[in-house]
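The chain below stands alone and is given in structure tokens; this is the form predicted on its own.
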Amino acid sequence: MRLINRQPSPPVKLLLGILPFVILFFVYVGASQQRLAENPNDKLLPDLTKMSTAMERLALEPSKRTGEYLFWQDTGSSLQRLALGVGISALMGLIIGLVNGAIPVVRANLSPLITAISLVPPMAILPILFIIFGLGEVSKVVLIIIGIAPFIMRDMQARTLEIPSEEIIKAQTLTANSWQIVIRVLLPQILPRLLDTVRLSLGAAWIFLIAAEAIASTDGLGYRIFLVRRYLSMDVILPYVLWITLLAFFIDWGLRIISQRMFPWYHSQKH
């Protein structure tokens, strides 16, 4: 059998998926031990003991200054900003993208504007957001919205236009008006595609969130990483980066499970 036609069994697939992480783990441990053997005070590659000690201090011991558990406070603040930014972006992307794709007059009016906005680098206008909205929570959420909402709008418009015109014609023959077609024919088919698009935009959302927190914030995962970098505290930075990765993975996994449970017909078509 040709290699291109071979499908791994579920246990083999799981093993192959885990193997790269195991290799990276042992490579890191080996490199860390080598550097610490040459210089016990080396901060670039801390060993697992130093990282666990640092995280125990941040996660399980209250701050002497604020009394908060800093790790969990940072996590909660970042997830709240991320949820607001992604949630508002998804709602805007669904409404505007769906209407753009369904109504040609609206598409002719709004589509060029959305395309132009999507080409503006969000980080370039971050100072403007801070001037307009201040250094509080609003500017961070708005940065996420500006960063991913145009992408979601354009993708929803494209997905709406992909729906076969025969379905719309059939609905019209049954005397459905424009908004009935949008709500009852197009919307149910767009919702699972919206979840796919949101999953694809999560990486960018995290980037904008971390950037905003690094520049102007008093808490958050990005704030903590950029705060301790001046001390070369890799024993904090590396666990925080790993934690962000795990959070992103579980959010993506959760959205995939929700999509499979709510729209099984959509996923059956993809196989």
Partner chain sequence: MSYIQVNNLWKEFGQTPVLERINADIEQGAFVTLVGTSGCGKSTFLNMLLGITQPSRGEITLEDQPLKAEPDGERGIVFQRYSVFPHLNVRQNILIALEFSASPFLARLFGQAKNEALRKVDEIIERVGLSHAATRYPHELSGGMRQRLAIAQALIARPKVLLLDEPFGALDPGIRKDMHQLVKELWQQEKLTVFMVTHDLQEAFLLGTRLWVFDKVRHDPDDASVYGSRITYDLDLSTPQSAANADEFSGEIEQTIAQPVNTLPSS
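The structure displayed is predicted, hence computed values, not measured ones. Residue numbers count along the first chain shown, from 1.
Unshown form predicted in complex with the partner chain; subsequent notes refer to it.
Asks: Is it true that Lys170, Gln180 and Arg184, all three, sit within 4.5 Å of the partner chain in the predicted bound form, judged by heavy atoms?
Replies: Judged in the predicted bound form, Lys170, Gln180 and Arg184 all sit within 4.5 Å of the partner chain.
Asks: To test your reading of this chain, name the stretch in 69-77, 122-130, 92-100, 185-193 whose heavy atoms come within 4.5 Å of the partner chain in the predicted bound form.
Replies: Selected range: 185-193.
Asks: Answer with one of Ala83, Ala176, Leu200, Val106: the residue that has a non-hydrogen atom within 4.5 Å of the partner chain in the predicted bound form.
Replies: Partner contact (heavy atom, 4.5 Å) among the options: Ala176.
Asks: Indicate whether Asn5 is a 4.5 Å heavy atom neighbour of the partner chain in the predicted bound form.
Replies: So Asn5 does not count as contacting the partner chain.
Asks: Does the 4.5 Å heavy atom contact test between Gly134 and the partner chain in the predicted bound form come out positive?
Replies: The answer is no: Gly134 has no heavy atom within 4.5 Å of the partner chain.
Asks: Is Pro164 near the partner chain? Define near as a heavy atom within 4.5 Å, in the predicted bound form.
Replies: It does: once the partner chain is placed as it appears in the predicted bound form, Pro164 has a heavy atom within 4.5 Å of it.
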